[in-house]
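The chain below stands alone, shown as structure tokens; this is the form predicted on its own.
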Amino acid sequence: MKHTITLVPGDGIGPEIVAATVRTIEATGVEIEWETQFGGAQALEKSGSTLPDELIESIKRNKVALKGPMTTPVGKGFTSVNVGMRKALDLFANVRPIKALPNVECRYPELDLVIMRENTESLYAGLEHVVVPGVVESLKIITEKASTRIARHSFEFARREGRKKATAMHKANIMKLSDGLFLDCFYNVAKDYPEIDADDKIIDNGCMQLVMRPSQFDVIVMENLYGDIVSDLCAGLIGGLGLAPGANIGEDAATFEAVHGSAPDIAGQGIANPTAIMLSGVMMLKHIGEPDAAKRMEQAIFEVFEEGEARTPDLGGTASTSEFATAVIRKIN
């Protein structure tokens, strides 16, 4: 079967790591027609918009995108393209697998869990305004619809992937109405999945438990802002954002991307680590119904790490982005 997929190179190191990932995916033998579109700073230069209509229409049409990192200025400049894309496509579930790679120094070499983050509301939605000069109000919106939807997605994922436990993290002891609603929706959905153990942790205690004993967790379900923070915390447990894949999933579309930034300081040098977006490519292959190719690609990446000969500079090696991709391609069978 031939797949048509939107390809978004991104900013900074994006084009380099995306190109390496495309080569690796094509080496699996899956037939893909890539439809290249631009977003972020690159699109701003070309079309005057960071999120062109052509990009959104392409993803809506093809239903799947592989996307490089995009630059978002801190405190000024244009609105986050990632947030804009999630809103435009209603990508309600941010899925972040956290799995330790072999031969990478990290605190928990056996770690294997998944963060499920609600993507559309809460404080992270950025609904804020100036009340009077010097006073800013931010609105935290939690709805039954969105909370139920992310809980359902999480339990369905756990069932499909053979995972045994789902944990909601919240602050319902203080935000009794908003986080309380999120927690109630989680447990209401849990009733339909009796084979999956359901529990919850207050978010501050949950963060401590993740640092001390993360093996107790399997799938962790959170509202938007908590999920953004905790997913980066968990990436740190396995060696950093350069090793952590991610996906944004909606009812009608999905984007797969590295969760790290565009790293403009090393752009164009050919030394960026493409592991995160390669593993996002593995997730994408599963999503489009190519599990065999996904398994072979993931296994090849893990074998390259196991051998330890092709390592990019961030991991203490000398391999270029392209050389790392070539090493992975040689392992694909």
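When you see a residue number, it is the position in the sequence shown, counting from 1. Because the structure is predicted, anything quoted here is derived from the model rather than measured.
Just so it is clear, the following notes concern the form predicted in complex with a small molecule, a form of the same protein that is not shown.
* R23, I249 and L285: each with a heavy atom within 4.5 Å of the small molecule in the model of the complex? -> Result no, not one residue of the spot touches the small molecule.
* Proximity to the small molecule in the model of the complex, single hit among N82, S231, S122, T167 (heavy atom within 4.5 Å) -> It is N82 that has a heavy atom within 4.5 Å of the partner.
* To do: Tell me, out of G180, G242, P97, P214, which residue has a non-hydrogen atom within 4.5 angstroms of the small molecule in the model of the complex.
  => By the 4.5 Å heavy-atom cutoff, the listed residue in contact is G242.
* Asked: Is N273 close to the small molecule in the model of the complex, meaning a heavy atom pair under 4.5 Å apart or at it?
  -> N273 belongs to the contact set for the small molecule.
* **P69, heavy atom within 4.5 angstroms of the small molecule in the model of the complex** => P69: contacts the small molecule in the model of the complex.
* To do: Please check if A263 has a heavy atom lying within 4.5 Å of any heavy atom of the small molecule in the model of the complex.
  => Answer yes; at least one heavy atom of A263 falls within 4.5 Å of the small molecule in the model of the complex.
* Asked: Applying a 4.5 Å heavy atom distance criterion, does V259 contact the small molecule in the model of the complex?
  -> Yes, V259 is a contact residue.
* Asked: When the small molecule is placed as it is in the model of the complex, which of 286 to 294, 52 to 60, 265 to 273, 27 to 35 ends up with heavy atoms within 4.5 Å of it?
  -> Correct option: 265 to 273.
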